[in-house]
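Structure 1 and structure 2 below are two forms of the same protein chain, each written out on its own as structure tokens.
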Structure 1
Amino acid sequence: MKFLIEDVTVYFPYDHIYPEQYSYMIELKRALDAKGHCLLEMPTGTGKTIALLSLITSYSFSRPHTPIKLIYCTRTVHEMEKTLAELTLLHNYQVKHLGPQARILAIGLSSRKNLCVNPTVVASENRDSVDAGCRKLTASWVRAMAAENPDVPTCEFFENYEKAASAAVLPPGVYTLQELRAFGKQKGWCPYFLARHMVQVANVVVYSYQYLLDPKVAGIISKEMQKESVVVFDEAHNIDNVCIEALSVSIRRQTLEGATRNLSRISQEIDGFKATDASRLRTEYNRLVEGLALRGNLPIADNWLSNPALPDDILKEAVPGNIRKAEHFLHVLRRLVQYLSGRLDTENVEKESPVGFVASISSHAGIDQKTLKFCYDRLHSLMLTLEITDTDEFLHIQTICDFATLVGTYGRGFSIIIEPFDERMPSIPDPILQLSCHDASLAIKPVFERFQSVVITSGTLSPIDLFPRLLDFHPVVSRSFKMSLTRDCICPMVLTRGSDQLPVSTKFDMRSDPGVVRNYGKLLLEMVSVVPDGIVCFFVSYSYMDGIINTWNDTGILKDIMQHKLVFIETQDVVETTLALDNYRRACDCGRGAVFFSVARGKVAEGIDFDRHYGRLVIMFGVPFQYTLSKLEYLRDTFQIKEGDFLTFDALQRQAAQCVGRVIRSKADYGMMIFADKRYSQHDKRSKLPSWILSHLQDANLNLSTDMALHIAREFLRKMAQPYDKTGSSDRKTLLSQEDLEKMGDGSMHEMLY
């Protein structure tokens, strides 16, 4: 269908549109007209992605003289593929109606691991090994050696791509990662470098958050994107955490041991070069006197990760004299590693500001702040000079230099925290030194400044006024939309006590109480006997989940649960969890039914959908608070955000709502949500849940025991089995046709929407 929003003809590839999608497009257009940033919250399963893509591409067609580029950021490769599939459908529809002028180039960009077609390189087990394998075949000095000696291995795909030069282009169309690989194989060109090249000219680019938010990656991939771009961060409820992780570094004993090995290897390489090619080290020294900015002219295959912190003006400065010579730089790094090693020998938790830490490094190791600031780039320069290709071997020393540059650059917004053991294993000494970033605005600030419109959207952004303070920006539009439903297909319940009337909670003083653990087990046992297909359970942490499952196993509750359904568990191993998920789905498909145990803030809670029969019930055992004192202090002092407000927002609006929202992925879907903790019955906690959950939470369901919840579940499932009208009643339509949209002039449309 096609319809008008003010002066823009919107091409929408489906016959019907939800009222909230239409409202969403109106608000999005307002933000684009104002060339400002916006915050839009719309419940999951209401078609955010297609609404965004339709409006922004149609908006670009309506202004052919000033076309805008769409940069669409997703969190996972799976979400990227889903977005590109929607875009393919939309593109085909637009070409059918507008003809060849609607042809655009849209590509997904991912790491070499997901795009490489060279069988020897892509066989490596992890991303870093694939990157290093690629560099061993494509680095400029390797290719120069291959030109003289044909026995030196190179990558035929990269060589063909380089030979094609300006002829290596992608014809218009939408390319998923798989289609890019297929195109590369067919032409004999490297799909990764082809995609990197085409990103600059593509109309739509879909890639990961890190390509814009992590300065090390953004400095290479996104630095040439034009200002007239619209940036969309989809599923952005955790965007502040992504920003914080991009600028945080952790150092363990293994890191320091690996860094020491790296330094010995670099020292050997320097000695080798001194004997054979001393002029190369002299040339590097002269370049460092002039400044670091010259690295912008590197061949594409030599480009390494960009600097994690430095603005361009610092790169034009001369490198400090004490690290210009390679061997002097190694001495500085050795002293730094030795100092960090000494700091890890602690039996107490220590917390320090970057300013205090830099002063301590200066007095104990004799390394000043400016030297620390340049460590990352100096290492990069040295590894290029020494022609090191196996960069995966040098990750440890890169981490140390990353840490040094960040701690030398930022005086505020960070803490250095040293812990003597991992919290999961408090009895085993495993010290960790963390440079912990508290200010999410540091990583995202360049994005807000560079691009004309940034759209932050998700199903859970409430309270919507908190994000502008956390990310330090001023949106021109911030709006939350409700879900229009033809039937009450969501049934949230708050369970405060077991059948024996004992209260249940994961509060610290109650979580290990045998009565609470037993009642949680009894709740699940009762539910598996009446709820068909899949049930998903979320716990507050891995350690709590392990403890409770062990207790259930010892008391025989787990055995009883498995009489009704199979049980699968999320672990911290990605491969194990993926296998468990696959088997969970198979059990649901064949009618056996299954239970999946997962953790709030884990991988499953963030990105896996349990739609349709894969998730008829989700149980949230407890409130997933995460208490980080130094971050809370910083938020209070800098942004005037109270500790309690942020903790409740993070635990309820984000984590709990994200977990239970996994079961409703479309309007035809239905599911139940049980919040199993007495704290959810408190108004101040409960009111922080998103409006689309609260609007279905009835007063009668706020203080339930296990037997009452069981009765409500039976009634709800019986009700959902009845037939219903998908388009809604005449007074409250939930699906709008072309005719409904054309009625806009007579004012009746406004009543349907609001």
Structure 2
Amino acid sequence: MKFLIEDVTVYFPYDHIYPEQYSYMIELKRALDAKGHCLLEMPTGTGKTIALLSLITSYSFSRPHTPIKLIYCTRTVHEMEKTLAELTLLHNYQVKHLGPQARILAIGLSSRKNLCVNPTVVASENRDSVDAGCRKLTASWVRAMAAENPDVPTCEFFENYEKAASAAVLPPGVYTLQELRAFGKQKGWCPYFLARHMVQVANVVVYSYQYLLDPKVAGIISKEMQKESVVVFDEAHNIDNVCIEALSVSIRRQTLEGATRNLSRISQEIDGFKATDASRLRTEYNRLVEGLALRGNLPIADNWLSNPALPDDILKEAVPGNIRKAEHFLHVLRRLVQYLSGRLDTENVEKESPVGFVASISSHAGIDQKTLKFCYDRLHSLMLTLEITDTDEFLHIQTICDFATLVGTYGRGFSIIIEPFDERMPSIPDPILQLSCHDASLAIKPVFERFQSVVITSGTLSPIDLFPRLLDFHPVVSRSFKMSLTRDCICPMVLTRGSDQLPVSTKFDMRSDPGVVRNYGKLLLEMVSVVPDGIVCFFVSYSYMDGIINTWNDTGILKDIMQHKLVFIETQDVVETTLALDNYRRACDCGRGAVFFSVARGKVAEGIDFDRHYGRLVIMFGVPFQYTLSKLEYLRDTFQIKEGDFLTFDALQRQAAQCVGRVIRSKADYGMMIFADKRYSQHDKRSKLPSWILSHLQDANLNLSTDMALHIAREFLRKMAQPYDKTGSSDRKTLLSQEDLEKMGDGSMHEMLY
């Protein structure tokens, strides 16, 4: 359908539109007009992504002279694929109705691991070895060597791509990762470098958050994006964590051991070069004197992860004299590693500020702050000089340099915590030194400054005033939309008692109680016999899930569950989890029905949708609290956010809502959610749940036992099976056709919605 929002004709690929989507577009358009940032919250199941894509592309068509580029950031690769699939749908529609002028170039960008088509390289296990494998074939010195000696292997795809030079372009269209690979294979060009190149000219770029937020990656991928871009962070409720993690490093014993090995390898290399090609080291020294830590324009294939600190914080000055010489730099690193390993030998938990830590390094190891700050770039330069291609072997020393640079650059917003053992297993010494960032605004600040509009959107951003404070920015539009439902298609329940009427909880003193475990099992067993298709269960942690599954297996509950549905479990192995998920979906598709056991805060909870028949019921066993006290103190001191507030906000708003919030895809969809813990019935906890859940939580469902919950579930499912009028009752429409939109002007629209 096609309709007007103020002066913009919006092309929307469906015959109908939800009123929420319409008003979402209006707000978004205002933010674009104002060239400012905005914060939009709209519950899941209302088609945010397609609304956003439709408006921004249509906006761009309506202003052909000042085209805007859309940078769409997703949290994960599979969300990227989903977005690109929606974009394909939209693009086909727009080309059909608008003709060739609607043609745009949209690409998804990922790492070499997901884009490489060279069979020998891509066979490697992880990203770093794929990167290294690629570098071994494409580094400038390797290619120079191959020019002289044909026996040196190179990558034919990269060579072809280089040969084609400026002719290597992607024709307009929407390219998912798979299509990029297919295109690259067909043309014989390297899809990774082609995509990297096309990012500069594409109208829509879809990639991971980290390509903008993590300075290490952003520095090489996103540095040339123009200011007239709209940056969208979708599913942004966790964006503060991403920002924080981008700037956090942790060091363990293994890291230090690995770093020591790396250092001795580097020193061998240096000796080798001294003997054969001493001039090279001298050239590097001269360059460093001039203050260029890196040559200005590296060949595209030589790039690696750039400096972990943000570009604005790096001083443009000469590298300090004491690390200009390769041997001296090695000595500095050796001392640093030694110092860190000394610090790891502690018996108590220690907490320190970066300033104190730097002072202590300076006095004990004789390394000053400025030297620390340059560690990363100096290492990079050295490795290029030494022509090291197997960079995956040098991750450990890289980590140490990351740490040094960060600790040398930032005086506030960080803390250093040394823990001698894992709190769950105090008997096993496993010391860890963490540099944790507390200030999410640090990493995202350059993004807000660089781009004209940044859109932060998600299903749950409330309390909506928290995010501007956490991320330290000033949105021009900040709105939260309610979802208008045609029927009560969400049925949240709070289960406080098991079938024997005893309370259930994952509270520390109760979680291992066999009665609780049995009651949880009985609850699931009853539900699998009633609920069709898919059921998802979330547990508070891996260890708790493992324990409970083992107990259920021993007591035979698991076997009974299997009589009704197949069981799949999230494990820490990503490959296995992915396959389990795929099988889970197939089991739901074919009607066999399945249960998926997952962990709140786990990878599945973060990004996999359990909409429609993939999740008719979500059971949340317990309350997923997280305790990181240092972060809380910082928040309290800096942003005046109360600890308790943040904790419940984090546990309930985000994690619980995250887990249960992915069951609804559209208004025709329906699902139930059971919060199985007595603590959910307390008002202070419950009231922190997202409002779209709260509004459906009836008082009668607040304090249920298993048999009552079962009864409610039966009733609900029967109700949902009845046919209904999809457009809603006449006074409150929940689905609009083109006609409806034309009939009412903006004014009546608003009246109707609010």
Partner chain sequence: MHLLNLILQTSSFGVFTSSRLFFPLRLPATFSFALQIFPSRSTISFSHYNIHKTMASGLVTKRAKYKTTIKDPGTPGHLRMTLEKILFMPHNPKSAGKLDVEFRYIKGQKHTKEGSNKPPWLNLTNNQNGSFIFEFENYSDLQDCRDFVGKVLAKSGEVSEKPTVAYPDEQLSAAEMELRIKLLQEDSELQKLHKQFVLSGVLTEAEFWATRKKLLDREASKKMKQRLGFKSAMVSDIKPSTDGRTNKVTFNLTPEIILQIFAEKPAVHRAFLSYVPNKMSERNFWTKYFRAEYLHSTKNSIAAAAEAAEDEELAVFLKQDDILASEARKKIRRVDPTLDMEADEGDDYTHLPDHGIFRDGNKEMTESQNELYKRTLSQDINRHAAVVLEGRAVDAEFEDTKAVAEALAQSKRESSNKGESDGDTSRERLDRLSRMTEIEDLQGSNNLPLAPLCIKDPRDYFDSQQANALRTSGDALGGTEQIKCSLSILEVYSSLRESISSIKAMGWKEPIVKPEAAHQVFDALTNSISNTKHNIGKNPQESVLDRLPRKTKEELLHIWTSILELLKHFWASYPITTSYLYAKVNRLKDAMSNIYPQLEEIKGSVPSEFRHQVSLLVRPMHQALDAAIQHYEASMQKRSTQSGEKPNGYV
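Just so we're clear, the structure is a prediction, and the values are computed from it rather than from any experiment. Numbers given to residues start at 1 and step along the sequence of structure 1. Between two forms, the rigid core is defined as the largest C-alpha subset superposing within 1.5 Å.
query: So which is the form predicted together with the partner chain here, 1 or 2?
result: The chain shown second - structure 2 - is the form that fits the description.
message: Checking Tyr542 here: with the core superposed, does its CA move 2 Å or more between the two structures?
response: Superposed on the core, Tyr542 moves its C-alpha 2 Å or more between the two structures.
message: Superposing on the rigid core, is the Cα displacement of Ala168 between the two structures 2 Å or more?
response: False for Ala168: its C-alpha shift is below 2 Å.
Exceeds or equals 2 Å, Cα of Leu263 between the two structures, core fit: Not so; Leu263 is displaced by less than 2 Å.
query: Once the two forms are fitted on their rigid core, how many angstrom does the CA of Arg592 move between the two structures?
result: Its C-alpha position differs by 5.2 Å.
field: His683 CA shift between the two structures in angstrom, with the core used for superposition
entry: Its alpha carbon moves by 2.8 Å.
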